[in-house]
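Just the one chain here, laid out as structure tokens, in the form predicted alone.
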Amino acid sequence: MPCTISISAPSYSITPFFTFTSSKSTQISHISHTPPKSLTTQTRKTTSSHHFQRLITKATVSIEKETPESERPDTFLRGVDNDGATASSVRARFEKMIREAQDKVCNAIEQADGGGKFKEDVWSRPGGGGGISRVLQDGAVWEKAGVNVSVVYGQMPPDAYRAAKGAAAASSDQKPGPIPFFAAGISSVLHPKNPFAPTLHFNYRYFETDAPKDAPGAPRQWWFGGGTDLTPAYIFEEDVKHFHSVQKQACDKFDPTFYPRFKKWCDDYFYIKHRDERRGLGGIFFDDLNDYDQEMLLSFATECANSVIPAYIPIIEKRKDLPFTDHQKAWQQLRRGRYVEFNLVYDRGTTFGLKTGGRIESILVSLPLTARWEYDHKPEVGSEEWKLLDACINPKEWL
């Protein structure tokens, strides 16, 4: 999916490919929910749905066309305030981190593929910032692999800010003007061809809002979000344990509560309600994280991004060349169908983008090239396919 950048502490994350119309065009998009405290809590569902509708109805949306660029800039932090543009700022260091992570992951993907190469699009945004999109399709190992980064900034219209902040903004007597914002992130979805090789998704993001010009002195707000999750068609328990152990090791370096907390968050987030099952076998997921030291969270996000290759590539190397049957390929395609269902039905960023005319190639980059649906398909009880489905319905503790 496009890289998601959190814009509201309660419940949303965004990808910068849209604009809310205002006196100064602002690029905001890809809204996705944080997990409910209980999947069966109707009140939370109603509140989340109402909150999302407010964001759509209270802001007029238009497309800000990105400008293609022929070369990658050294930084997208052009024209921002001096504090934000310095090499030591969190903004600059986060941009450096995600761009280095993009290069490392793309190099590892190409090396594992043995022939496929990424197509790269560099774009800039008139309102401030830009991005780098890379996609590899129809390789020897990868059916489709996308790794995108974006760094955008500008003015957030007051209606969008009030919708995003919800009750906290509504209860204030102050009516703020446009809110300066900054958003940066990396996002990737990797779909291998072999049904024994799992799909991987990861994204890590950083967001800031500053004091509106008519309210000088108000504190700058910031938060981090992200996660890495695994979606196999067949369970190799040693693979799943390896993947989760790498996530836990990254978390444990900073807080021993992170892994169990973020694993549950991941299981809850990737829930396909109409199927009553999860999209895959989870990993970690977090959003709106700002209740720890900022330097610690920057280091944590960096550690998580650097853990993608050791968590995933060893699994690919073991499984990419295994022989498989037509039956096993068909099952992979059925599970790819579930991936499509979650992204098109429940991922708020994708649905918001489709409704508001966003950059379609970025919105749909997370979808596989091929997928399959069969009427009333049920795997045989006790089969390898049934074991995967059971693990998606009943999330397991792998460690």
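Numbers for residues come from their place in the sequence shown, where the first is 1. From a predicted model like this one, the values you see are computed outputs, not experimental measurements.
Heads up, the form predicted in complex with another copy of the chain isn't pictured, but that's what we're talking about next.
**Q** Honest question, do Arg275, Glu361 and Leu369 all end up within 4.5 Å of another copy of the chain in the predicted complex by heavy atom distance?
**A** The answer is yes: all three residues contact the partner (heavy atom, 4.5 Å cut-off).
**Q** Have a look at 94-102, 195-203, 316-324, 127-135 and name the one stretch with heavy atoms inside 4.5 Å of another copy of the chain in the predicted complex.
**A** Every other range fails; the passing one is 127-135.
**Q** Only one of Arg261, Arg78, Lys119, Arg220 gets a heavy atom within 4.5 Å of another copy of the chain in the predicted complex. Which one?
**A** Spelling it out, the residue with a heavy atom inside the cut-off is Lys119.
**Q** Considering another copy of the chain in the predicted complex, which of Lys248, Lys329, Lys144, His242 comes within 4.5 Å of it through any heavy atom?
**A** Going through each option in turn, the one that passes is Lys144.
**Q** Tell me, yes or no, whether Glu374 is in contact with another copy of the chain in the predicted complex, where a contact means a heavy atom of each within 4.5 Å.
**A** Glu374: yes, in contact with another copy of the chain in the predicted complex.
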